[in-house]
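Taking the form predicted on its own, here's one chain by itself in structure tokens.
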Amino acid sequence: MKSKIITMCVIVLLAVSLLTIGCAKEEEKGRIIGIDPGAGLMSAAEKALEDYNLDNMELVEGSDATMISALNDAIKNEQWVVVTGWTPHFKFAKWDLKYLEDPKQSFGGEEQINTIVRTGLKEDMPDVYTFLDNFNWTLDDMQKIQVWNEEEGADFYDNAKRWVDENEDKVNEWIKGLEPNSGNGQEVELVYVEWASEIASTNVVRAVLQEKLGYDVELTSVGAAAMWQGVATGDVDGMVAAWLPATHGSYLEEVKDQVDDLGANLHGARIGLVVPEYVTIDSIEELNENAAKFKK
């Protein structure tokens, strides 16, 4: 009996040791700080892990806010950090950052942000459709609002109205030929993902529709999949937040016959892995051999 007890103890200790070693190995992995798990950017990051055989790295789920917090903390202490990133985003105006080169094109090439509306919107609300079809702006336009939105106590809608007031010529081109206040309080429902870029663009669209055209606009923030389904089913009128062709390409493929794609409202967008400029690697290919530096 005594020998059996000793044997069992040895087995238990061995199992505990193996578990500890396994956990240690997991802890040794470098961390890529990600955003919400449903985002197309996260799928691209998972693809990068496979494409580059990044066995020493792990992708950590989070949100835009947690990603920014990790980036901020690391930069304050000049630590190495790698995050999932996209342009336009205020972080590029706030800090000196760079994209890691992606020779295998896991994240695709240049992206654009499209406007997608429900079928039938053109007939039901022709002025809304025309404005949304005309809506287009630049990276600098969007990032200016994003910086305002990061100020303490910022009101996203007030900042959107401020931008509209300061860019009257551009706004007038969007609504050219439309009657002021023609909406008469009719409700328009827009949906978006709660990224800094989409908060900026969707609130600008809301400001124009409400302040210039007289509509009552309701905004709803959801995950990417729900955003696309909402437009496809006609539960909402549209969005200005479709990242294509890579980030949201799979969602568009599922519902392309159920929505109306009005084309790009912003060119020059990009997704990828981002590090501070002081990090002395330049390519995703270099992450594995430097994984220990990305543990924090």
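Numbers for residues come from their place in the sequence shown, where the first is 1. If you're wondering where the values come from, they're calculated on a predicted model, not measured in any experiment.
Just so you know, the form predicted in complex with a small molecule exists too; it's not on screen, but the next bit is about it.
Asker: Taking the shortest heavy atom distance, is Ile32 within 4.5 Å of the small molecule in the predicted complex?
Answerer: No, Ile32 stays farther than 4.5 Å from the small molecule in the predicted complex.
Asker: Is Ser197 a contact residue for the small molecule in the predicted complex, using a 4.5 Å heavy atom cut-off?
Answerer: Flag for Ser197 set to yes.
Asker: Should Gly230 be classed as touching the small molecule in the predicted complex when contacts are defined as heavy atoms within 4.5 Å?
Answerer: Residue-level check for Gly230: no, no contact with the small molecule.
Asker: Give a yes or no for Phe107: in the predicted complex, does one of its heavy atoms lie within 4.5 Å of a heavy atom belonging to the small molecule?
Answerer: Phe107: no, not in contact with the small molecule in the predicted complex.
Asker: Which one, Tyr215, Trp137, Trp86, Phe131, lies within 4.5 Å of the small molecule in the predicted complex by heavy atoms?
Answerer: Exactly one listed residue reaches within 4.5 Å, namely Trp86.
Asker: Looking at Val236, Ala48, Met57, Leu41, which has any heavy atom no more than 4.5 Å from the small molecule in the predicted complex?
Answerer: When the small molecule is considered in the predicted complex, the option within 4.5 Å is Leu41.
Asker: Just to confirm the contact call: exactly one of 121-129, 197-205, 161-169, 183-191 touches the small molecule in the predicted complex at a 4.5 Å heavy atom cutoff, so which is it?
Answerer: Correct option: 197-205.
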